[in-house]
Each structure stands twice: as structure tokens, then as C-alpha cells.
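Only one chain is shown below, in C-alpha cells, and it's the form predicted alone.
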């Protein structure tokens, strides 16, 4: 990539005294990234009760926070972070866009005050690697000044056509890159898509059954398609290539829990590790959908046990299982182990699985 750092320099700190970058992003469960407005007293009061019920709590400073409330949101997040023991729950924030008048104050306030508690900073409307490079250098300088011992990771949101076109270089722009989320609303506007929905499908985006030659006027079945399939798949590939994590973003129709679950599951099956939660009812959906089912883990463990050293092939229930099958199953088993470490109820379900001897 033109203008990129050499391989030997990539994992060196960008400021004297800054913590060394990570060479591998930790696989920490993040099924639901629950957004809250730190300037809203009612939301802020609920944060302690949400700890341990959700993998990630994110203090939102950007969209949904009015201009008049930007300072209150920033100061509110500092207060919440200082007063709260988050335990296994991660603390993230979404800063304002890089072209806004608030973002510099976001970073210069948060890193010195609560950088030791912040796990990830989410950067909106990332257009290319240059946006990540800017944040990367600034964070290194602020970390050094604050004597932080670990680097704060960065998460980008795909919200523009240019960002999607540059997704591979965004993923590889910095060792801080933790993952990428789909931002369907802003992306739809930037692409000039003809939908006003925040995520999810659209009844007009469909395929139709061929006509019956004997009854050409008969009603023909239609099948709604996924507007976001291409973008999510491309994002997943880019993230996998660089060893970081892909996420679905917001699902705006809070009342339609069925469609929300469907969208979350589509993303999970395609390779996403989590999603955003805009309302507490979406936390339960995300936690369930982005956790492998007991049936899937039972099958995966059975294949792992039957494959032994991982070579050759075996027949289970009339289906061939080989080394490729084993790799697929290990993805599920490893995820189950990570989730069981933080979710006692899920651990009990997984521990109850009995693997029959073949």
C-alpha cells in the first residue's frame, strides 16, 4: 500500500512513551454493543444495572446527541466511567466525526481522564486509512502524556461509499484496529439508496417466482432480499484478512423484534461477531443470536472428537466430515469457550452437553 509504514515499524509506538501496539487483537466477546447517551440522566442511571448483562457498554457522543448536549455527554461519560466498576463488561465510546468541531475535545478529554478504562474508541464515517492514521498518532501522543500502560483500540464505522471501497486498507491501517461496524443509515444516504429504514430489509427489494405457463395471471410468490448482504460479506472478508472483527450496526425498528432477530442472525451466519443495541430489548436478542446454539455446539464437539488428529474423514449421520468441517466446528467451539467464560447461564448449557462416543 502506497505510503504505508514498513513491516518492521508497524508495531512500534507512534509517540515516545506510548504503550506498544498489540500484535494480535484479543478475542473478547462483544455480542451486543449497547449504546447510551451520557447526557441523559435516566440512561446514565441505568448503566450500573446493565453491567454484566451486556458485553459492551458504549457511551455515545455523536449522532443522537444534540449539539447543545455535546459537552454534557462528554463530561457525563467521564463521570460514569470514573464511578462505575464495569467488571467483565467492556467500555467503549463513539466520538464525534473527524470533521466536527467536537472531536478534538472528545479525545483530549477522554484519554487523560478515563483512558485506563476505555477499551475501544469507535470512529464514525471513516473514509480511508488516512482517518485511522490521524486518530492513531493522536491517541499515541495522548496515551504517552497520560502514562497509559495499554493502547486504546479503534473501531471504524462503514457509513460512506468511499469507506466501503477502501474497507481493506481501513482494516489494515493500524495495529489499533479492533473491528468495523456497518452503518446502514448514513451509508444508504451516501449511496443514494431509496430506503428510509435504519438497517433491515425492504419489501420492494425482492425476486419473484416465474409465471406458471398454464396460469400466467396467477399470483406469483415473492421473496424479500437482504439489502446489506454484499456490504456485510465484503466487510467480513476484509476484517478476517486483517485479524479484526466485523459487526452489524443498528436496527432502527425497535418494535419489530422478529425482523431485528432475522437481521442479526443473517450477520452472525455471515461471520459477524456482534451487533449494536439501541434498546435494552435488543440486548437479549443479540446475546442469544450471537451465541452458538446448544445443538450447534453439540454437533461441533462431536465432529472434533471424531476427527482425532484432524486428518482424514469420517461419516457422522450419513454426512462426510473432514478437515474443512473440523475447522468450521473449531470456530464454534472456540466461540462457545469464550462466551462461557463470561456468561454463567450459557456455560451451564454448554457444560450439560454430552458428546457420544462414536
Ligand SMILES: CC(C)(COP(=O)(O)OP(=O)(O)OC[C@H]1O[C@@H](n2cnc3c(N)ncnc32)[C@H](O)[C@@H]1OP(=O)(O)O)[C@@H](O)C(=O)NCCC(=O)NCCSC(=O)C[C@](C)(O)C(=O)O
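Since we're looking at a predicted model, the values are computed, not measured. Residue numbers count along the first chain shown, from 1.
Absent from the display: the form predicted in complex with this ligand. The rest refers to it.
> Among 186, 119, 131, 106, which has any heavy atom within 4.5 Å of this ligand in the predicted complex?
Result of the distance check: 186.
> Though this ligand is not shown, can you say which of 142, 135, 236, 278 has a heavy atom within 4.5 Å of it in the predicted complex?
When this ligand is considered in the predicted complex, the option within 4.5 Å is 278.
> Verify the flagged residues 90, 247 and 274 against this ligand in the predicted complex: is each one within 4.5 Å by a non-hydrogen atom?
No: no residue has a heavy atom within 4.5 Å of the partner.
> Given that the partner is absent here, state which listed stretch (285-293, 38-46, 300-308, 329-337) has heavy atoms within 4.5 Å of this ligand in the predicted complex.
Within 4.5 Å of the partner lies stretch 38-46.
> If we define contact as a non-hydrogen atom of the residue within 4.5 angstroms of the partner, is residue 31 a contact of this ligand in the predicted complex?
Close contact is absent here: in the predicted complex, residue 31 is far from this ligand, nothing within 4.5 Å, heavy atoms only.
> Flag residue 313 as yes or no: does it have a non-hydrogen atom within 4.5 angstroms of any non-hydrogen atom of this ligand in the predicted complex?
No, residue 313 sits far enough from this ligand in the predicted complex that none of its heavy atoms falls within 4.5 Å.
> For residue 64, is any heavy atom within 4.5 Å of this ligand in the predicted complex, or not?
Although this ligand is absent here, residue 64 would touch it in the predicted complex, with heavy atoms inside 4.5 Å.
> Would you classify residue 155 as touching this ligand in the predicted complex, given a 4.5 Å non-hydrogen atom cut-off?
Flag for residue 155 set to no.
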